[in-house]
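A single chain comes next, written as structure tokens; it is the form predicted on its own.
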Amino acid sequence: MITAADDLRFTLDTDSSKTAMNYSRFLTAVSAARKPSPIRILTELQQRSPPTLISLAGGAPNPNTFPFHSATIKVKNGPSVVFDETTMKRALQYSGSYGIPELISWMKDLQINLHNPPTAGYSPERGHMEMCVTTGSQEGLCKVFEMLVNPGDNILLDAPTYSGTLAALQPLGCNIINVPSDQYGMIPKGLKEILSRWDPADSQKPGSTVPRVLYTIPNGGNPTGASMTTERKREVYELAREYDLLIIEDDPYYFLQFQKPWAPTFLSMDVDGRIIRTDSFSKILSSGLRIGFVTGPKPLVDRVVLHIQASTMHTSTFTQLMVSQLLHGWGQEGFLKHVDGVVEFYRKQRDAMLSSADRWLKDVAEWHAPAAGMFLWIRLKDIADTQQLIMEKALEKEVLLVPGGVFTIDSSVPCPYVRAAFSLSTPQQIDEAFRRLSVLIKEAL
């Protein structure tokens, strides 16, 4: 029997390029077994058909029965988003699993202009850049992990890391291997040392234990605030080529970099088609709209979409249309101007937190100024573990941070770090919070 994975292998093996990726070897059995939904295919076909088409195929509800008629959404710095009766009917109806065409098209243009990925000019079989909309980047991550991670697989990721990543990975039964990192992100030397346990020549062999997936947050990492240097990214990418790794570039804080020019991305370096990138609008447009994107080689993004078809079916059509109208109204120049305003806000918030930390914590803690994101990663001196300090005693002082242990594979191991977010609180609140924290630490010592 020819499986979907066999189909992928055949397509890639017959490609004229010697460097073509064999994407089938990365797929889990569950992902390889997924088939396109016939109903979802009909939905996509209907959306691309002329209005004269008469369809008796779909089981979509009649929008005339919906109670919502129209809406006008006022925008702070642009024209209002208007949903007339016709647009509202579309917004409240099912849509394709890749995302609505006008939003995907706008985002592809943005990705190409920002990152100039080499894969944008490749054939589909060689890993041509494809995109799909996800319900926040978290859904994209979960679908990617389901597609790539088998029980017992060795998965590489920088430590500490986003707790949502650990929550998605750990139930899959994989072996998570921490790669050392510092304020400049993943350390290539540490990655090379870990990979040296295996022979690169074994990566293509069936049953090999050579890691196939590396995960990293390259900008403003959660929780550390670390950002990878360009040189480190190049070194990591070359190691990925040597060992035939896929890199998951989880970059929700890409647009929250405090210095320009913004750092080159793994996607911009991807000559092979081995980068799967997740982006989010949560930090710059709205977290409640739940709009994210997966960008990567078409054979793999197509697989992600099959996972979406079998679960959420698609991201909310209403929010997609709302964001699409906003972006088309702004244009790329207007969007990036909005981003600049958001960055300036968070830069001031960061600077306020750094100033307060220096005022209250310099004798009892240490930290590095983050170059992106919305977090300050603080190591408390002479305190081995922050779990009880934060979850019990800090609450009594009416100050709350996140104990660092929740960002580690084994949260029972003592961790002297705390994560402080500078996104929501005012500078005055931040200052008072650090004053209370300093009192708490001194009492504990």
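On a predicted model such as this, the values are computed, not experimentally measured, just so you know. When you see a residue number, it is the position in the sequence shown, counting from 1.
What comes next is about the form predicted in complex with a small molecule, which does not appear here.
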Counting any non-hydrogen atom inside 4.5 Å, which residue from S95, S181, N222, T295 sits next to the small molecule in the predicted bound form? N222
Listed residue that, although the small molecule is not shown, lies within 4.5 Å of it in the predicted bound form (heavy atoms), from M186, L156, L141, I308: L141
4.5 Å heavy atom contact, D250 to the small molecule in the predicted bound form: yes
Partner proximity in the predicted bound form: T87 to the small molecule, non-hydrogen atom cutoff 4.5 Å: no
Is A372 close enough to touch the small molecule in the predicted bound form, meaning at least one heavy atom pair within 4.5 Å? no
Hey, in the predicted bound form, does I276 get a heavy atom within 4.5 angstroms of the small molecule? no
For the chain seen here without its partner, which of 129 to 137, 201 to 209, 313 to 321, 361 to 369 has a heavy atom within 4.5 Å of the small molecule in the predicted bound form? 129 to 137
